[in-house]
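Shown below, as structure tokens, is a lone chain in the form predicted on its own; questions about how it binds or moves come after it.
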Amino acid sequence: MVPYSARRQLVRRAVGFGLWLGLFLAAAALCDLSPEILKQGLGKAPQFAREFFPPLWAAADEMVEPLLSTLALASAASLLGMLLAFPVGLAAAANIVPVWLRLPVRILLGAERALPEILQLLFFVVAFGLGPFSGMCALAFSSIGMLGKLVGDAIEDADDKVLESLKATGASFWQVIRYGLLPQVLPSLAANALFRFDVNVRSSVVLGAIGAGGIGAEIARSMGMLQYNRATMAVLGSLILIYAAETVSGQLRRRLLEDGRS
């Protein structure tokens, strides 16, 4: 055992700090970080921030339709992702399918999760054009990647005794899935789908600003027209929507998980 040495500890900390400082300076150089530009920007920040207040309360009614569009986009993507996640999860479970099928499905799920949602949206925009439909497809595709992986893990953790008991009674493969596997996996799938809905609401605001429509497009449009107080109104609407979605989905998710344990 190496004895404690204050000098050795000091050298380690100095080396660690030197490495951190070197990485910071390299990153600052790559990002063109300039103290002069930073100082100018901070000096303009108070004046720029004042242009966002007070919010344009008269535009509140005009925010209802984009907010509903964002909510519908996230809801449709979450529902479609949940419905398709179960068959994808089946194909990714080692105790259900052979390895020649499970392995490529797992690789595809990992590759999908590695793609940013913004990049996925660009692919669908090329295919279907700008609008909520492309945003819904991008979020649904991303939801399948996340939920499919979680469903596959849940299926692999399912109680094999229940499945073997059904097989012993002469049940077919799909009967085993319907009566033995689905009741075990469904609470987890629903709970994770609610969590994904919360994520999709947040993501739909971001994707809306780059072509998916909804309240994100309203924020981008208001900023582009220098209508900052209108943009503030849109941001407030999106915050209310995100908070409401998080609260409702969180409560439903807790109930589902509690029912699944009981």
Partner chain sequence: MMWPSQNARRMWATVATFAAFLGGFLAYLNVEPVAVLFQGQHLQNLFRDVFPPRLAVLWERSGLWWSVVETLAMAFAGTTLGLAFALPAGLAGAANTTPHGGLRAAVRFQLSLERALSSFFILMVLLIAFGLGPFAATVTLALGTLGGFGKLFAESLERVEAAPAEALAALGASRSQQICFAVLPQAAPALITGSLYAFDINLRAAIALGIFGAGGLGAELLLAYNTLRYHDVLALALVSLVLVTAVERVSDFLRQRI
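The term rigid core refers to the most C-alpha atoms you can superpose between the two forms while keeping them within 1.5 Å. If you're wondering where the values come from, they're calculated on a predicted model, not measured in any experiment. Numbering follows the first chain given and starts at 1.
We do not show the form predicted together with its partner chain, though everything after this point is about it.
Is residue 139 part of the interface with its partner chain in the predicted bound form - any heavy atom within 4.5 Å? No, residue 139 is distant from the partner.
Hey, in the predicted bound form, does residue 57 get a heavy atom within 4.5 angstroms of its partner chain? Taking the distances in the predicted bound form, the answer for residue 57 is no, it never comes within 4.5 Å of its partner chain.
Partner proximity in the predicted bound form: residue 194 to its partner chain, non-hydrogen atom cutoff 4.5 Å: So residue 194 does not count as contacting its partner chain.
Would residue 61 show up as a contact with its partner chain in the predicted bound form if we use heavy atoms at 4.5 Å? Contact with its partner chain, no.
Name the single residue among 177, 105, 90, 83 that comes within 4.5 Å of its partner chain in the predicted bound form, judging by heavy atoms. Contact residue from the list: 83.
In the predicted bound form, do 33, 68 and 219 all put a heavy atom within 4.5 Å of its partner chain? Yes, because 33, 68 and 219 each have a heavy atom that approaches its partner chain to within 4.5 Å in the predicted bound form.
Within 4.5 Å of its partner chain in the predicted bound form: residues from 52 to 77 (heavy atom criterion): Heavy-atom contacts within 4.5 Å come from 52, 65, 68, 69, 72, 73, 75, 76.
After superposition on the rigid core, does the Cα atom of residue 18 shift by at least 2 Å between this form and the one not shown? Yes, its C-alpha moves 2 Å or more.
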